Structures are given as structure tokens and as C-alpha cells.
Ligand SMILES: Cc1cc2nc3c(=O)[nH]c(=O)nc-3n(C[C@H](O)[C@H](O)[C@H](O)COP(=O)(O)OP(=O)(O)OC[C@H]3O[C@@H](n4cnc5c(N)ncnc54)[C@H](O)[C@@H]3O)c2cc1C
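One chain comes next, on its own, written as C-alpha cells: the form predicted on its own.
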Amino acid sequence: MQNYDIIVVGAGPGGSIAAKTAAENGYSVCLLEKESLNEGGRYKACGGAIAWELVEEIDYPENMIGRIIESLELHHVDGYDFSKKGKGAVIWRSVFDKFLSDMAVASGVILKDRERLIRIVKIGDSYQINTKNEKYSTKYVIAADGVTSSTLKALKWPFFEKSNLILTITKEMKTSKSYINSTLGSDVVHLFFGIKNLIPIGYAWLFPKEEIITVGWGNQINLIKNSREEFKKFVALPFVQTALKNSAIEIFKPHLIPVGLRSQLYKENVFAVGDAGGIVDPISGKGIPYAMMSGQFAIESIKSCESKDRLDKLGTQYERLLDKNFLRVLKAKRTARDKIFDNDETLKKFLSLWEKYRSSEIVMRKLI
């Protein structure tokens, strides 16, 4: 039996930052990851767009960036186009996640990859975790293992409502850098909308990297009749056909994204962070920065409540930190999302506002 103060399950952005923060605060930490973390990391179906502020905050090397972005082009299938200016980056999640897990290890975290959680049970004040290789014991568990979290499923936490889940399809299409530059632009990502003629609640995207275009499509799962046929409607758009001409598929993968919170984010020394808690922007699907912050806040809650001998307030403190920083806005966005996607005219109004304002500003100022 290996004993740790904190065990983090899942070496994505939320898990790695939680582990790093815990180690820096003097806790013994084990980071469990079910997949193999080789030099290239592990593939994650994700567009990989992040704000430049995050690149600077973590000092992410430019040579690890797939493409630097200067604008977000918003296309509605009715023929309306909108352009949102702002610097960002498109990254490979495999490389980005490996960078963060390496930071955690450098801080003193014990990383165990190829260690899939098989069983977790609470015994007294501790949790026992079994993988196929080892047995672990810990006081605190950080569930950072995604929307279908094995940790929370084993603990019988309630799952997401179907209206809070988006099914995505991702294809990685190989082409040439020069062709991407000529068809999509050298520093542009593209989003596609259309309630009636494309996707009822969701959007599709073309995110260029060096010589790859990440082609994605996502719709609310309970509204999908035939995902492959609905995806074909997107790739049949003339703009998309031109962009993908002569490209070759390298990866095809479906994936779930939460767009609403789990009904609970904390229980008995277990914290849900990132996608495992549904801590994702319900409108844009942005999740990386929220995963990283929620992982940090989980550890800060432990540290604060231990120092005050108020472990009964762990859940309250965690949600207070989340609310203070972004959770209140995400909840408001979830309510606004239904209004935005009610009809195409409302959606186009939102897209026109999005050119000038942050989506959070549109929602909190009730501009729509």
C-alpha cells in the first residue's frame, strides 16, 4: 500500500495543476494517469485554442505552439460572417498536457502513468484506490479524469443531464502549411453556426495547426439523430470542402464535452475539477483555463481549511473560490445559452455582439 496526502486522478490540465499546487504546498502527491505519457504525451480530441494570456501565464514555449492566432472568424450558414480580433494560440493537447505534467513532476509530484483506476472505496477517513498494478491510500482525492470520470462513477456520484452534454466528432486532417495559409489564413480559426441548417445547439470548427487542420463538430447529445450524417452536412459546406481538398485523415475520434455543472462538485474529501465537474464554458466549450483554476482552488481549499481546522467547510470553501472567480458567470452563461440558441436570429445577434465584447460581458450585462 502506497500512502499519499493527496491523490489526483487524471493528468490533464486540471489534474496536473492540482498536483503541482499540492506539492508546492508541502503535500505528498501521486498523479495517476490511465494512458501512457511518452515523449509526445497522449492524444486528446480537442481543438486546442487558448488565449495568449494563458501562454504568458505559464510561460509556454512558442516552439510548442501549433499556430499563433490573431482572429476568430464566426460563420453562420445563412451567409453572415463576423470577425473577433484577439491573440491566441492553437496547441496540441498531447504536447500541452505533457508540459503541465512535467511541471508537476518538477515540483515533487510522483507521476504514475498506465495506472487506470479500477476501484476506490472509503475506509474510515481515507480512500483506498486500486489500479491493476498497485494499491494506494490517501486522505484527499482530486477527480480530474474527465466528463466520464471513473473515479466519480465508482463513488456513485450523479452523472450529467443529457441537456448538459455535447457529443463532438474530431478529425485531424493532414495537408500543407501553404495550403492552410491560402484557404483559411495564416493566423485565423473558424467557427460555423446554424440552428436550422447545421447544428441545433452547438457549432463546428476548423482549427489549423502547422500542417494539420483539426476539424470538429459538436451538438447537444439528446438532439442528435445520426452524428455521422450530421457531421457530413458540415464538411459538405463549400468553404470546408475547399479547406480540406486533398487532405488526408490521420485521426478520427468522438468525445463528450460537458456544458453544465455536475449536481455536486465536492463530497467527503473528493473534489471534481475541470470536465469531471462540468466546469466548462457552456457557450464556447472553453475548458482548459477553468480546469487549471479549479485544480488550484481545490488544493487552496484543503490548505485553508486545514489551517483553520475547519475541514467541515471544504466544500463550501471550494465553491466559494470557484464562484468568486468564474463559476457565477458560467452558471449565467448556461442559462443564456438556451436563449442564444433558441432561433437563428438570436444566434446571429449574439455573434455580432461577440465581435466586440467578451461572451461573459454579453451575458452579465444582459446585452442579449
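Not measured: the values here are computed from a predicted model. Numbers follow the displayed sequence, beginning with 1.
Note that the form predicted together with the ligand isn't included here; everything after this is about it.
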* Asked: Quick one: is Ala298 in contact with the ligand in the model of the complex, heavy atoms, 4.5 Å cut-off?
  -> no
* **Non-hydrogen atom contact Gly274 with the ligand in the model of the complex at 4.5 angstroms** => yes
* **the ligand contact at Ile224 in the model of the complex, heavy atom, 4.5 Å** => no
* Asked: Quick one: is Ala49 in contact with the ligand in the model of the complex, heavy atoms, 4.5 Å cut-off?
  -> yes
* **Segment assignment from 154 to 162, 239 to 247, 134 to 142, 200 to 208: heavy atom within 4.5 Å of the ligand in the model of the complex** => 200 to 208
* To do: State yes only if every one of Ile6, Ala22 and Lys303 has a non-hydrogen atom within 4.5 Å of the ligand in the model of the complex; otherwise state no.
  => no
* **in the model of the complex, the one of Leu32, Leu322, Ala336, Leu330 near the ligand [non-hydrogen atom within 4.5 angstroms]** => Leu32
* To do: Heavy atoms within 4.5 Å of the ligand in the model of the complex is the criterion; list the residues of 4 to 19 that meet it.
  => Val9, Gly10, Ala11, Gly12, Pro13, Gly14, Gly15
